[in-house]
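Only one chain is included here, represented as structure tokens and corresponding to the form predicted on its own.
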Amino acid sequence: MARAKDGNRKPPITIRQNLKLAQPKWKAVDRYFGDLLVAADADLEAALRANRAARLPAIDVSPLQGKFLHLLVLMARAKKVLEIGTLGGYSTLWIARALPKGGRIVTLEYEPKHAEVARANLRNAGLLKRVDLRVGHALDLLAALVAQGVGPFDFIFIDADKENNPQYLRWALKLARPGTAIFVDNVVRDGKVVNAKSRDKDIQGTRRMTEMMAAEPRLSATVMQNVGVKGYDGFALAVVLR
């Protein structure tokens, strides 16, 4: 262990301090790969500017994460996508662009202001015709989708309030088919997800959802940790088996 100049041992660096020290490198790596693999795009950049101008929460996926979603939808050959949590439509844009001719994304947003910004961003990008943007409580909207027989969906992206992740997963299974991929963002939460005693409702919701994935015989799932411009987090990815 390192010693201070006076001969005393330095206190060990905490996990929080390590994360703080590492973040500049994470961001630099993200910028490096983003500059190479995510081409400059006027519509996507305009959407981010519009989101900032409207003072929406700065919680959009990063450009590399948006490209990752885009590629997942392409690999799944998805024609029907469900997104729970629209915000300003940045991730919706990435997904909509991956859809084939005649493809459709249903995206659910609780806040009318967010939905208004998202609708404008999608219209500006010429993608609004591919999107069914529904406003209201997601659990109510999901129940309506089931009642209306809108599913099944080929790809489901869950990125809303984490407290309700268990309920979102239940509805996702009702709206899925064998082969449907379910992607859930922000499940690691700076590593706080390991704290079973946490009183944070988002942590508890994420833990319950992951436990449900583990216990559900219809699902095969994994979680990947990731770092970058968004800090330290991760995602869950599951496939419906039957």
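Predicted, not measured: the structure shown is a model, and the values here were computed from it. Residues carry their position along the shown sequence, with the first being 1.
Beyond what is shown, the protein has a form predicted together with 3,4-dihydroxybenzoic acid (DHB); the following relates to that form.
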| property | result |
| --- | --- |
| 3,4-dihydroxybenzoic acid (DHB) contact in the model of the complex: I59, any heavy atom under 4.5 Å | yes |
| 4.5 Å heavy atom contact, D185 to 3,4-dihydroxybenzoic acid (DHB) in the model of the complex | yes |
| 4.5 Å heavy atom contact, K67 to 3,4-dihydroxybenzoic acid (DHB) in the model of the complex | no |
| 4.5 Å heavy atom contact, D154 and 3,4-dihydroxybenzoic acid (DHB) in the model of the complex | no |
| Heavy atom of each of K80, R119 and R130 within 4.5 Å of 3,4-dihydroxybenzoic acid (DHB) in the model of the complex | no |
| Candidate stretches 70 to 78, 119 to 127, 96 to 104, 155 to 163, one within 4.5 Å of 3,4-dihydroxybenzoic acid (DHB) in the model of the complex by heavy atom | 155 to 163 |
| Stretch 209 to 242: residues contacting 3,4-dihydroxybenzoic acid (DHB) in the model of the complex, 4.5 Å heavy atom cut-off | K230 |
